[in-house]
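Next comes just one chain, in C-alpha coordinates: the form predicted on its own.
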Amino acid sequence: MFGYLRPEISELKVREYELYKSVYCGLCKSMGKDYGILTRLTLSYDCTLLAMFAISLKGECSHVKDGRCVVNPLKKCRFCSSEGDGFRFAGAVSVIMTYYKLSDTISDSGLIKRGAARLLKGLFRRSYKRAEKAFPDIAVSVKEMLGRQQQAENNESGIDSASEPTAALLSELCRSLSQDEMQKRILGTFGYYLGRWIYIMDAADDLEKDMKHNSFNPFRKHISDDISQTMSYCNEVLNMTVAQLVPAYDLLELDSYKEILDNVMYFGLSFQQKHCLFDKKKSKKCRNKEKDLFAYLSKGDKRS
(Lines give C-alpha, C1' and ligand atoms only; values in the text may rest on other atoms or scores of the structure.)
Protein backbone atom coordinates (compact mmCIF):
# COMPACT_ATOMS: atom_id res chain seq x y z
CA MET A 1 0.00 0.00 0.00
CA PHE A 2 0.99 3.64 -0.21
CA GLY A 3 1.16 4.74 3.45
CA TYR A 4 -0.87 7.95 3.16
CA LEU A 5 -3.78 6.93 5.41
CA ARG A 6 -2.46 7.93 8.80
CA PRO A 7 -3.83 10.00 11.70
CA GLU A 8 -2.71 13.51 12.52
CA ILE A 9 -0.96 12.76 15.83
CA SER A 10 -1.27 16.29 17.22
CA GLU A 11 -5.08 15.97 17.08
CA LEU A 12 -5.19 12.61 18.91
CA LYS A 13 -5.66 12.20 22.63
CA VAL A 14 -2.90 10.24 24.38
CA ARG A 15 -5.12 7.19 24.91
CA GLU A 16 -6.19 7.29 21.26
CA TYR A 17 -2.58 7.42 20.09
CA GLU A 18 -1.64 4.50 22.36
CA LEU A 19 -4.57 2.49 21.01
CA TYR A 20 -3.56 3.26 17.42
CA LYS A 21 0.00 2.10 18.11
CA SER A 22 -1.34 -1.10 19.66
CA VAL A 23 -3.32 -1.85 16.49
CA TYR A 24 -0.24 -1.16 14.35
CA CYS A 25 1.89 -3.48 16.49
CA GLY A 26 -0.90 -6.04 16.68
CA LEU A 27 -1.16 -6.17 12.88
CA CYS A 28 2.63 -6.57 12.63
CA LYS A 29 2.54 -9.51 15.02
CA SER A 30 -0.47 -11.06 13.32
CA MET A 31 1.12 -10.84 9.86
CA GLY A 32 4.26 -12.58 11.07
CA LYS A 33 2.20 -15.35 12.62
CA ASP A 34 -0.23 -15.83 9.73
CA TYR A 35 1.93 -15.21 6.68
CA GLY A 36 5.58 -15.37 7.75
CA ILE A 37 8.14 -13.10 9.37
CA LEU A 38 9.19 -11.44 6.11
CA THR A 39 5.68 -10.06 5.53
CA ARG A 40 6.16 -7.65 8.43
CA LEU A 41 8.23 -5.59 6.00
CA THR A 42 5.02 -4.84 4.09
CA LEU A 43 3.27 -3.35 7.13
CA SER A 44 1.75 0.05 6.33
CA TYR A 45 -0.50 2.74 7.79
CA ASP A 46 -3.06 1.99 5.08
CA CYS A 47 -3.48 -1.65 6.10
CA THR A 48 -3.56 -0.64 9.77
CA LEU A 49 -6.54 1.57 8.96
CA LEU A 50 -8.13 -1.27 6.97
CA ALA A 51 -7.74 -3.57 9.99
CA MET A 52 -9.48 -1.02 12.23
CA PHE A 53 -12.36 -0.70 9.77
CA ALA A 54 -12.68 -4.48 9.53
CA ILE A 55 -12.72 -4.97 13.31
CA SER A 56 -15.12 -2.07 13.86
CA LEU A 57 -17.61 -2.85 11.09
CA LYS A 58 -17.74 -6.56 11.90
CA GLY A 59 -18.17 -5.87 15.61
CA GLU A 60 -15.20 -8.04 16.51
CA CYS A 61 -14.12 -8.15 20.14
CA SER A 62 -10.59 -6.80 20.56
CA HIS A 63 -8.34 -6.34 23.55
CA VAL A 64 -4.89 -4.94 24.31
CA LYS A 65 -2.08 -6.67 26.20
CA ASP A 66 1.52 -5.84 27.03
CA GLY A 67 4.45 -7.56 25.37
CA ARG A 68 7.80 -7.15 23.64
CA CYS A 69 8.34 -5.77 20.16
CA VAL A 70 8.83 -8.66 17.72
CA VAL A 71 11.49 -6.67 15.85
CA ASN A 72 13.28 -5.22 18.89
CA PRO A 73 12.80 -7.53 21.92
CA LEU A 74 14.30 -4.87 24.22
CA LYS A 75 11.37 -2.57 23.49
CA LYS A 76 8.09 -2.92 25.38
CA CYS A 77 4.91 -2.68 23.30
CA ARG A 78 1.18 -2.98 23.65
CA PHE A 79 -0.48 -5.34 21.18
CA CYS A 80 -4.09 -5.27 20.09
CA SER A 81 -5.59 -8.64 19.21
CA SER A 82 -8.97 -9.57 17.79
CA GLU A 83 -11.11 -12.69 17.98
CA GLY A 84 -12.19 -12.27 14.35
CA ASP A 85 -10.28 -12.16 11.07
CA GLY A 86 -9.82 -8.37 10.81
CA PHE A 87 -6.05 -8.59 11.17
CA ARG A 88 -5.80 -11.59 8.85
CA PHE A 89 -7.87 -9.74 6.23
CA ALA A 90 -5.73 -6.59 6.35
CA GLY A 91 -2.53 -8.65 6.36
CA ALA A 92 -3.67 -10.62 3.32
CA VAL A 93 -4.36 -7.39 1.42
CA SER A 94 -0.85 -6.17 2.23
CA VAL A 95 0.87 -9.43 1.23
CA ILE A 96 -1.09 -9.93 -1.98
CA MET A 97 -0.65 -6.34 -3.15
CA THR A 98 3.08 -6.48 -2.42
CA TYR A 99 3.45 -9.72 -4.38
CA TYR A 100 1.71 -8.34 -7.47
CA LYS A 101 3.53 -5.04 -7.15
CA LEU A 102 6.79 -6.98 -7.35
CA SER A 103 5.49 -8.67 -10.49
CA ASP A 104 4.75 -5.24 -11.94
CA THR A 105 8.27 -4.05 -11.06
CA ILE A 106 9.79 -7.06 -12.82
CA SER A 107 7.98 -6.24 -16.05
CA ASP A 108 8.52 -2.46 -16.03
CA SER A 109 11.88 -1.75 -14.38
CA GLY A 110 15.53 -1.79 -15.34
CA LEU A 111 18.00 -4.62 -14.84
CA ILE A 112 18.96 -3.91 -11.21
CA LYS A 113 15.44 -3.28 -9.92
CA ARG A 114 14.13 -6.22 -11.91
CA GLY A 115 16.70 -8.54 -10.35
CA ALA A 116 15.94 -7.34 -6.83
CA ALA A 117 12.20 -7.71 -7.44
CA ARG A 118 12.66 -11.27 -8.69
CA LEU A 119 14.57 -12.17 -5.55
CA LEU A 120 11.96 -10.63 -3.25
CA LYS A 121 9.10 -12.20 -5.16
CA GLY A 122 10.67 -15.61 -4.67
CA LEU A 123 11.00 -14.98 -0.95
CA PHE A 124 7.37 -13.81 -0.74
CA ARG A 125 5.92 -16.69 -2.77
CA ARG A 126 5.08 -18.92 0.19
CA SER A 127 3.51 -16.01 2.10
CA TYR A 128 1.46 -15.09 -0.96
CA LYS A 129 0.17 -18.66 -1.28
CA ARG A 130 -1.00 -18.57 2.35
CA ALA A 131 -2.80 -15.27 1.85
CA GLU A 132 -4.31 -16.41 -1.44
CA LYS A 133 -5.61 -19.60 0.15
CA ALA A 134 -7.17 -17.67 3.05
CA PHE A 135 -8.68 -14.90 0.87
CA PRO A 136 -8.82 -16.06 -2.78
CA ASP A 137 -11.21 -13.26 -3.80
CA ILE A 138 -8.67 -10.61 -2.79
CA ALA A 139 -5.99 -12.19 -4.96
CA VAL A 140 -8.31 -12.23 -7.98
CA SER A 141 -9.37 -8.61 -7.42
CA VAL A 142 -5.82 -7.32 -7.01
CA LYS A 143 -4.62 -9.14 -10.13
CA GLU A 144 -7.48 -7.67 -12.16
CA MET A 145 -6.85 -4.21 -10.76
CA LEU A 146 -3.18 -4.22 -11.73
CA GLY A 147 -4.05 -5.42 -15.23
CA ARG A 148 -6.56 -2.59 -15.68
CA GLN A 149 -4.06 -0.15 -14.19
CA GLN A 150 -1.39 -1.16 -16.67
CA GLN A 151 -3.84 -0.76 -19.53
CA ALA A 152 -4.83 2.72 -18.33
CA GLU A 153 -1.19 3.78 -18.14
CA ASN A 154 -0.43 2.36 -21.59
CA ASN A 155 -3.32 4.44 -22.94
CA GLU A 156 -1.97 7.60 -21.27
CA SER A 157 -5.30 7.96 -19.47
CA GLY A 158 -6.47 11.04 -17.63
CA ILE A 159 -7.03 11.33 -13.89
CA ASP A 160 -10.49 9.73 -13.79
CA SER A 161 -9.61 6.69 -15.90
CA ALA A 162 -6.21 6.19 -14.29
CA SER A 163 -7.63 6.23 -10.75
CA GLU A 164 -10.59 3.96 -11.59
CA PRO A 165 -8.87 0.55 -11.00
CA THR A 166 -7.62 1.46 -7.51
CA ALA A 167 -10.95 3.06 -6.64
CA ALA A 168 -12.86 -0.03 -7.78
CA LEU A 169 -10.56 -2.35 -5.79
CA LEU A 170 -10.97 -0.39 -2.53
CA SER A 171 -14.71 -0.26 -3.14
CA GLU A 172 -14.86 -4.04 -3.42
CA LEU A 173 -12.63 -4.59 -0.37
CA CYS A 174 -14.74 -2.25 1.75
CA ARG A 175 -18.00 -3.83 0.60
CA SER A 176 -16.75 -7.19 1.84
CA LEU A 177 -16.58 -5.86 5.42
CA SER A 178 -20.35 -5.98 5.95
CA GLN A 179 -23.26 -8.31 5.23
CA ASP A 180 -25.91 -5.61 5.53
CA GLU A 181 -27.00 -4.44 2.05
CA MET A 182 -27.44 -0.78 2.96
CA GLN A 183 -24.09 -0.73 4.75
CA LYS A 184 -22.44 -2.45 1.77
CA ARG A 185 -23.69 0.28 -0.56
CA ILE A 186 -22.31 2.98 1.72
CA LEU A 187 -19.02 1.12 2.07
CA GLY A 188 -18.80 0.72 -1.69
CA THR A 189 -19.10 4.48 -2.19
CA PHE A 190 -16.72 5.23 0.67
CA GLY A 191 -14.13 2.73 -0.56
CA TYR A 192 -14.37 4.01 -4.12
CA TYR A 193 -13.51 7.58 -3.22
CA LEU A 194 -10.92 6.46 -0.68
CA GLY A 195 -9.17 4.42 -3.38
CA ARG A 196 -9.42 7.33 -5.78
CA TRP A 197 -7.88 9.63 -3.17
CA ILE A 198 -5.00 7.21 -2.54
CA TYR A 199 -4.16 6.90 -6.23
CA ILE A 200 -4.38 10.64 -6.92
CA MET A 201 -2.38 11.45 -3.79
CA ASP A 202 0.39 9.09 -4.87
CA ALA A 203 0.38 10.46 -8.43
CA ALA A 204 0.59 14.06 -7.21
CA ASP A 205 3.34 13.20 -4.73
CA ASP A 206 5.38 11.42 -7.43
CA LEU A 207 4.79 13.97 -10.19
CA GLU A 208 8.25 15.55 -10.20
CA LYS A 209 9.97 12.14 -9.97
CA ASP A 210 7.84 10.75 -12.81
CA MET A 211 8.61 13.77 -14.99
CA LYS A 212 12.32 13.30 -14.34
CA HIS A 213 12.21 9.64 -15.37
CA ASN A 214 9.66 10.16 -18.15
CA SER A 215 7.20 7.82 -16.43
CA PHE A 216 3.43 7.89 -16.74
CA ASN A 217 1.56 10.31 -14.48
CA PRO A 218 -2.03 11.51 -15.04
CA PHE A 219 -1.05 15.05 -13.98
CA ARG A 220 1.59 15.48 -16.68
CA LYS A 221 -0.85 17.40 -18.89
CA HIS A 222 -1.35 19.95 -16.13
CA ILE A 223 2.30 20.86 -15.53
CA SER A 224 2.98 24.59 -15.34
CA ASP A 225 6.17 26.63 -14.96
CA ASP A 226 5.06 27.61 -11.47
CA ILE A 227 5.18 24.47 -9.31
CA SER A 228 2.82 26.04 -6.78
CA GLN A 229 0.09 26.32 -9.43
CA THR A 230 0.53 22.68 -10.40
CA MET A 231 0.37 21.52 -6.79
CA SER A 232 -2.66 23.72 -6.16
CA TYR A 233 -4.44 22.02 -9.05
CA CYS A 234 -3.56 18.57 -7.64
CA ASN A 235 -4.83 19.73 -4.27
CA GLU A 236 -8.15 20.88 -5.76
CA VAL A 237 -8.68 17.47 -7.37
CA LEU A 238 -7.98 15.78 -4.04
CA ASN A 239 -10.32 18.17 -2.22
CA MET A 240 -13.16 17.30 -4.59
CA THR A 241 -12.53 13.60 -3.93
CA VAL A 242 -12.60 14.05 -0.15
CA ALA A 243 -15.79 16.09 -0.50
CA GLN A 244 -17.40 12.88 -1.83
CA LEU A 245 -15.62 10.57 0.61
CA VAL A 246 -16.48 12.24 3.93
CA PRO A 247 -20.31 12.22 3.57
CA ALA A 248 -20.21 8.47 2.87
CA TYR A 249 -17.91 7.94 5.87
CA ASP A 250 -20.31 9.86 8.12
CA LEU A 251 -23.04 7.29 7.33
CA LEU A 252 -20.99 4.30 8.50
CA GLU A 253 -21.94 2.55 11.73
CA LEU A 254 -18.64 2.05 13.57
CA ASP A 255 -18.47 0.05 16.81
CA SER A 256 -14.89 0.87 17.81
CA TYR A 257 -11.88 3.06 16.96
CA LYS A 258 -14.27 5.81 15.83
CA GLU A 259 -12.21 8.64 17.33
CA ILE A 260 -9.08 7.45 15.51
CA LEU A 261 -10.90 6.85 12.23
CA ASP A 262 -12.52 10.30 12.52
CA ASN A 263 -9.07 11.78 12.96
CA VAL A 264 -7.79 10.15 9.77
CA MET A 265 -10.79 11.25 7.70
CA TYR A 266 -11.17 14.80 9.06
CA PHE A 267 -7.54 15.71 9.74
CA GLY A 268 -5.13 13.08 8.41
CA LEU A 269 -6.09 13.35 4.74
CA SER A 270 -5.70 17.13 4.64
CA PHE A 271 -2.41 16.91 6.57
CA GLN A 272 -1.02 14.46 4.02
CA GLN A 273 -2.08 16.72 1.16
CA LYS A 274 -0.43 19.73 2.74
CA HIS A 275 2.71 17.82 3.68
CA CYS A 276 3.24 15.99 0.38
CA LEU A 277 2.13 18.70 -2.04
CA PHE A 278 3.49 21.80 -0.34
CA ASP A 279 5.73 21.31 2.69
CA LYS A 280 7.97 18.69 1.04
CA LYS A 281 8.63 20.82 -2.02
CA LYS A 282 11.85 22.81 -2.13
CA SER A 283 10.24 25.88 -3.69
CA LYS A 284 9.20 28.37 -1.03
CA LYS A 285 6.26 29.26 -3.26
CA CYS A 286 4.67 25.99 -2.19
CA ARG A 287 5.04 26.65 1.54
CA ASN A 288 1.82 28.58 1.96
CA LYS A 289 0.88 28.06 5.60
CA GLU A 290 -1.64 30.90 5.82
CA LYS A 291 -3.99 30.09 2.97
CA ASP A 292 -6.87 27.72 3.74
CA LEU A 293 -6.13 24.94 1.26
CA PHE A 294 -8.73 22.52 2.60
CA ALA A 295 -12.05 24.34 2.64
CA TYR A 296 -14.02 21.07 2.72
CA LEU A 297 -13.08 20.64 6.38
CA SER A 298 -14.17 22.44 9.53
CA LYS A 299 -12.27 21.27 12.60
CA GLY A 300 -14.73 22.90 14.93
CA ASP A 301 -17.60 20.88 13.47
CA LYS A 302 -15.88 17.51 13.65
CA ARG A 303 -14.29 17.46 17.11
CA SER A 304 -16.80 19.28 19.28
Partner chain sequence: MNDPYKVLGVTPSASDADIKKAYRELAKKYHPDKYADSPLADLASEKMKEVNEAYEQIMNERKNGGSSSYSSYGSASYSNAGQGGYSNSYSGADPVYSRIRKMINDGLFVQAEQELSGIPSANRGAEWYYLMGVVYYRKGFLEDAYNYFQTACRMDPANVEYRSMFTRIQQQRSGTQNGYNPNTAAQNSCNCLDCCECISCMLCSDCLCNSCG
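Positions refer to the first chain, counted from 1. Keep in mind that what you see is a predicted model, and the values were worked out from it rather than measured.
The form predicted together with the partner chain exists for this protein as well; it is not shown, and the discussion that follows is about that form.
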Exercise. Any chance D46, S103 and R126 all have a heavy atom within 4.5 Å of the partner chain in the model of the complex?
Worked result: no
Problem set entry | 4.5 angstroms heavy atom contact with the partner chain in the model of the complex for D210 | no
Exercise. Would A248 sit within 4.5 Å of the partner chain in the model of the complex, counting heavy atoms only?
Worked result: yes
Exercise. Is there any non-hydrogen atom of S270 lying within 4.5 Å of the partner chain in the model of the complex?
Worked result: yes
Exercise. Does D255 reach the partner chain in the model of the complex if we count a contact as any heavy atom within 4.5 Å?
Worked result: no
Exercise. Picking from 188-196, 91-99, 170-178, 111-119, which part of the chain touches the partner chain in the model of the complex when contact means heavy atoms within 4.5 Å?
Worked result: 188-196
Problem set entry | Option touching the partner chain, based on a heavy atom within 4.5 Å in the model of the complex, out of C69, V64, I37, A243 | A243
Exercise. Among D206, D160, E156, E144, which has at least one heavy atom within 4.5 Å of the partner chain in the model of the complex?
Worked result: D160
Exercise. Though the partner is not shown here, which residues of 218-243 have a heavy atom within 4.5 Å of the partner chain in the model of the complex?
Worked result: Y233, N235, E236, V237, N239, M240, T241, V242, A243
